[in-house]
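In structure tokens, one chain follows: the form predicted on its own.
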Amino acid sequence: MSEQDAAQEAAEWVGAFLTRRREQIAQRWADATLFRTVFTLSRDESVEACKTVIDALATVATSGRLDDITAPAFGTVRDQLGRMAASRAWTGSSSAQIADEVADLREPVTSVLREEVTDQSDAAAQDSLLALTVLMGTLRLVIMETTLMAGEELIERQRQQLMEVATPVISLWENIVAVPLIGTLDSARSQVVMESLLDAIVAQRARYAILDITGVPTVDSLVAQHLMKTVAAARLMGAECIVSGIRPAIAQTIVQLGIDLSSVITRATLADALAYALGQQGVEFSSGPATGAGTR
């Protein structure tokens, strides 16, 4: 028998073994950390989840694709164990810890195999043990891949939430809203700013929107382009946009870059922008001394 034929025969034997000893393996896996920490209320539910994974592994083994993480049957494994590993990651477990928990599944199934094989020195038995080891190693890779993808999705969601928190829309006066920008203004954040501002314009029926860039460290052509798009979008919603917080250094940079902001209303400070918007609405206010100051 050729090496390839022997490997295929061992893989098929492992598939039949997993199907045959499904119940025993599932009972042992249900006590493993990975399953026990997810299915905390029902052990029966944990056992059924184990059986689903074992059936998928048996299908992979029978197909002979022991080391192929793209094998169709691994889709079931990703759905079942992947969600479990992801839930462990969301509760604070590290990738290394999850990898160890998946690796711990190998010993129970190997023990069941050794109980069934009487002569472990037999070549066929050794081939079967090797096939099972390869299969469990591939299982670990599949789960790690799924866990990492879930981690990336979690990071992306957190990044989106942070951007939303970092770009609040403030109601300064009736019909006047403002967005104080702090930090670098990239494409992704600019999109969040635009969406948040437009939503606020609709919700508060704002006629004036102030974009305050006092906290933006630098303004280049890309940042200016983002600002112009936001101003244009606000105008389409019926609101006049005012850009405030343009410091002398930023003003010089804008001039040197040849950026044309002539169509945009600009003011040096947020207070100046608010004063302009109030004046446009006919609101009278005093810029004299603060209340309580002595007068003669």
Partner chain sequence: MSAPFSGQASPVSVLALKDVLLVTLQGELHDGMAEQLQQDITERIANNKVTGVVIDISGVEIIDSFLGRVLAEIASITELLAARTVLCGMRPAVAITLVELGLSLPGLTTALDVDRAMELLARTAPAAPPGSEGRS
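Please read these numbers as outputs of a predicted model, since none were measured by experiment. Numbering follows the first chain given and starts at 1.
Omitted from view is the form predicted together with its partner chain, to which the following refers.
Highlighted residues I54, V102 and E107: none comes within 4.5 Å of its partner chain in the model of the complex, counting any heavy atom. Listed residues D186, D122, E116, E195 were compared with its partner chain in the model of the complex; E195 is the one with a heavy atom within 4.5 Å. Proximity to its partner chain in the model of the complex, defined as a heavy atom within 4.5 Å, singles out one entry of I259, A58, I250, A233, which is A233. Using a 4.5 angstroms limit between non-hydrogen atoms, R207 touches its partner chain in the model of the complex. Among heavy atoms of V202, some come within 4.5 Å of its partner chain in the model of the complex. Q191 belongs to the set of residues with a heavy atom inside 4.5 Å of its partner chain in the model of the complex. Although the partner is absent here, M237 lies within 4.5 Å of its partner chain in the model of the complex, judged by heavy atoms. Proximity to its partner chain in the model of the complex, taken as heavy atoms within 4.5 Å, picks out 225-233 from the listed stretches 225-233, 59-67, 250-258, 25-33.
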